[in-house]
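The chain below stands alone and is given in structure tokens; this is the form predicted alone.
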């Protein structure tokens, strides 16, 4: 195909990368042909191949980090932590594969054995997001390859250069080119890949809107695996703490890390009425100190731009909508550079709004809700169709137990931010945040399916009840009487 996909740096607007748009059919066909041979390899072979991938990532860590920083706009220090996560994923996945999908045998009577083993699905499609263009798709690709699947990977059209580099590193480590295929393109190619009859499943990270559409699409295909990792309208509750400065740090980290472009970022600060003013003073002051600049700036910024001008326009428009519908501004969101997608952190008190929108505003925008009781705080935390992460700051162990028992989320923290989850634990949510297929450590669960077997070395069988008398046996008996 002659059409080209072009990637631009959010911080500068300069062209970073371009490539021809892929032919989805040919990429899926190649992966499909390669799958049986890859699946026939021993898991130790696949493990060692992926460990060589770690060596390649470490050897090119600065190149990869620089590319991530330029294509996403995130600070270089944060891009480096993403590269570390990519490298760490392999050992975590090997451990998870052994723990979550082990081979088990149970001895029975007369030499009978009951076995449980796991098989790969076949060819899996992976659709990646732009906010962590290496780490998040890698979190699907590594366990899928380890389990013996072939993979067709389409990165976000906003970060295709990082996706292409990731695939290049896999290939250079010895993953066969036909086993891991790259699809370059936009929404049209993504839809074609998701709907392709030759894929055996889809592993998706992205918006709830797209995830819901995929769920409807796959509803009539129960034989295909669908793992959805979507967004969140995540609450952070601050309650009964004397250390308001530390509480403010945790709020700011939760809301504004990665310029608010993590699915686990806090979108709503729920605070006890009596703590609201002093806490918001601390949060506002700290948010005002955050450096917003290009990825390689010195001093290093806390936040870079959001992904593009369209995203920045969407966020500023929603800030104005909240203002015009009763929201009280705590800290204005602004655009320091008119034609670039840099945003300063915005904070708005929406307690007085009659109806608060239940949407994921994917950027540095924090809404504040004041409440009078802890029960009201939990009710407000659950006042969403999402259910990814939630955090309580302050309180007692008894209050945390109450919060943990009643909060509807897949990640529930105490005195920690809503974001920064460990890859050694499951990561996923409920409601509009996921479809009960958590990723991270539990990704092994959706990359292979269990097969139960009953086995015996010898052929043995009998029917001891419910048979008519054998007429042939009768005749033989009479003949010799």
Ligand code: NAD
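Positions refer to the first chain, counted from 1. Computed from a predicted model, the values in this text were never measured in an experiment.
In what follows, reference is made to the form predicted together with this ligand, a form of this protein that is not presented.
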Using a 4.5 Å heavy atom cut-off, which stretch among 78-86, 296-304, 357-365, 333-341 contacts this ligand in the predicted complex? 357-365
Honest question, do 210, 214 and 388 all end up within 4.5 Å of this ligand in the predicted complex by heavy atom distance? yes
I need to confirm a contact call. Of 160, 73, 346, 231, which residue comes within 4.5 Å of this ligand in the predicted complex, counting heavy atoms only? 231
Which pick from 122, 327, 186, 176 sits with a heavy atom within 4.5 Å of this ligand in the predicted complex? 186
Report yes if any heavy atom of residue 180 sits within 4.5 Å of a heavy atom of this ligand in the predicted complex; otherwise report no. no
Please determine whether residue 427 contacts this ligand in the predicted complex, using a 4.5 Å cut-off between heavy atoms. yes
Would residue 154 count as touching this ligand in the predicted complex under a 4.5 Å heavy atom rule? yes
Answer yes if any heavy atom of residue 148 is within 4.5 Å of a heavy atom of this ligand in the predicted complex; otherwise answer no. no
Going by heavy atoms, what in 125-150 lies within 4.5 angstroms of this ligand in the predicted complex? 127, 128, 129, 130, 131, 136
